[in-house]
Ligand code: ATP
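One chain is shown next in structure tokens, namely the form predicted on its own.
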Amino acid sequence: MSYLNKAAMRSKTGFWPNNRGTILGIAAFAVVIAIVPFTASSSMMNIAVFSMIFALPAIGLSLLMGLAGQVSLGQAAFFAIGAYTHAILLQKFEMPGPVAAVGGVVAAMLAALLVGLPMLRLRGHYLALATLGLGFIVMIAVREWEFTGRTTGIYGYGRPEVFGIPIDNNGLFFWFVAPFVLIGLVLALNLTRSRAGRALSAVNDSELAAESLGVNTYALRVKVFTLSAGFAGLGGVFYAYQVQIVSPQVAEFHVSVELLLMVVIGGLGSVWGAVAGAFIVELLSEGLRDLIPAIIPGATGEVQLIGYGLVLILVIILLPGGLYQVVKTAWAAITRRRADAAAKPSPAETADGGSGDVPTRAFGGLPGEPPAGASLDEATDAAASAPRIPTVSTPVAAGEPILVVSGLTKRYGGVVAVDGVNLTVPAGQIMGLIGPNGAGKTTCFNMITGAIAPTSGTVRFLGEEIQGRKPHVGAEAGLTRTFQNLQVFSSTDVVGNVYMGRYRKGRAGILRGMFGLQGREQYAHEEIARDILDSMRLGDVAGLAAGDLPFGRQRMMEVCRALAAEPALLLLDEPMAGLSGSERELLAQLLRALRDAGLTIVLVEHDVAQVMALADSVAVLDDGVLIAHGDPESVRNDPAVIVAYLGTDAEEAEAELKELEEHA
């Protein structure tokens, strides 16, 4: 049965998530929405309405910060743009409410797109400062611009109506805004589990590894930044309706602080947490309005920020993961206790002679080892059995150049790390790239894959120059790599890491992900990822957290992830480092099988004997200079190579070679 057919049998597509826990949570939330107006007091109803309004920008900020890893202090700017645009279209242009609302959301998204294109090239605190500056710009602009009413603001527009019913009290307004929050929640949850959502999480873990698998991180971040602004703009629309006046206060810094606090209290990366955080902060805000003046007589306005600041500090110190982490930890403890109780034998079983111990695993020791009762010969046969190989892409005829490196040079000031390297890699072969420590092997890999730009020289892959371009450019064309220093996506499990290798084979974007229209594609790629893990004896750990695996197994997982991309050219940077003897043999067999199937491999490895046994040709670097290139036998006997590895001079090396030949 094909992967697509198996996926079709398992998957469901559509708007609503197919996770039972998520569906139950949404259903419970809908019930709460239905009964709140009948049970809450007038003051609590006011808090509930503003919680719903601010939940929308909080959801957007949660996606931006928790999923994309981008710190923004300017969410209030897009909230204000949505509110002002909506109010202006209603009051000055007398547009229908729905048209004005769409205009507010679109204006916020367009503003985010325009400012995001340059700003999202920044990282970390630089981006945070840039978005903070944006907030001040919007606040000053609306305060000083006559069209926006300056300090007076925009007012004089009517309340919304639904089917002729005016939304003129908090209970009706709560029901008016709550469905949009519910829909936004579902869209955001779908996105977090989608191809784009997984890619964003991977970028958050290791941007370089994600780009090396074909993820255009910059474009993806711009899209999420724009989407986040859309949520904020929609919140601004409802705010304008509720307060009936939009003034510069809506763009002030304390609004951004409130939104940030909502996300942090709820837990970064948790969409549910953003909604819970919105309610908690609004409840806290009401309390601080009474508490701060009582502690500091006459304190009003921005002095309230003292309270927010203290709460933010306490949450970061005491609950760095927010409510989401508390709930997650508690649920894990409950699940673990249930599992322990289920594994514990009953008194009757113990009386029948059971040991009372938890049954042993089907595989002893580390996951993937032979069964505990297997003989040594059976274990050897299991390790020696040839792995099943994934699909191999062969766009170039065997023996034709697939990668051509010309004059590749990298200088760091006065230090030359790589000096004028020329290499041609024929398709369908394994090329070994060896050399002493510091010879420039990984630097070459980084320049070939786009991780760093060369000082000079060209890299042509499949006839196209790719030097100096981002790693995703080469990856999309079929160039994939592993890393000397492991790059693990720690936010997901083992199968999730290998699934990311399928990214360039997928087509579902953010919109399809939000509307849940990618089920067949997603499950098909998960099936392929599991099959690759099975072939490398990692199937029994597919559901474990990737960061919990031993180092050697993480190394094998990274190789599986690269193979999942079905590359035309695979660059392996010390893939055997940290592997056991049986794992090395398994990987060596896999590489031979892939080569025989037509895959081109460039292999950097310190185990020279293994390289010589695997490679069809070997290139040797020393101090950034290519000193030898040819078949393994000629390279092994090259005096310059012996000098590089043994530290002798050329004459001594030639003498040793002659002596060896005479003895032979």
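Bear in mind that the values here come from a model prediction, so they are computed numbers and not experimental data. All residue numbers refer to positions in the sequence shown, first residue = 1.
The next section is about a form of this same protein that is not shown, the form predicted in complex with this ligand.
Answer range among 105-113, 409-417, 538-546, 475-483 for contact with this ligand, defined in the predicted complex as heavy atoms within 4.5 Å: Of the options given, it is 409-417.
Does this ligand come within 4.5 Å of any heavy atom of R636 in the predicted complex? Residue-level check for R636: no, no contact with this ligand.
I'd like to check something about T443: if you look in the predicted complex, is any of its heavy atoms closer than or equal to 4.5 Å to a heavy atom of this ligand? So T443 counts as contacting this ligand.
Any non-hydrogen atom of H606 within 4.5 angstroms of this ligand in the predicted complex: Looking in the predicted complex, residue contacts with this ligand include H606, since a heavy atom lies within 4.5 Å.
Is P98 one of the residues lying within 4.5 Å of this ligand in the predicted complex, judged by heavy atom distances? No, P98 stays farther than 4.5 Å from this ligand in the predicted complex.
Indicate whether the candidate residues D493, V495 and P550 are all in contact with this ligand in the predicted complex, with contact defined as any heavy atom within 4.5 Å. No, the whole trio is out of contact, none within 4.5 Å by any heavy atom.
Please tell me which of D205, E566, E585, E574 lies within 4.5 Å of this ligand in the predicted complex, judged by heavy atoms. For this set of options, the contacting one is E574.
Answer with one of G468, G399, G438, P166: the residue that has a non-hydrogen atom within 4.5 Å of this ligand in the predicted complex. Answer to the contact question: G438.
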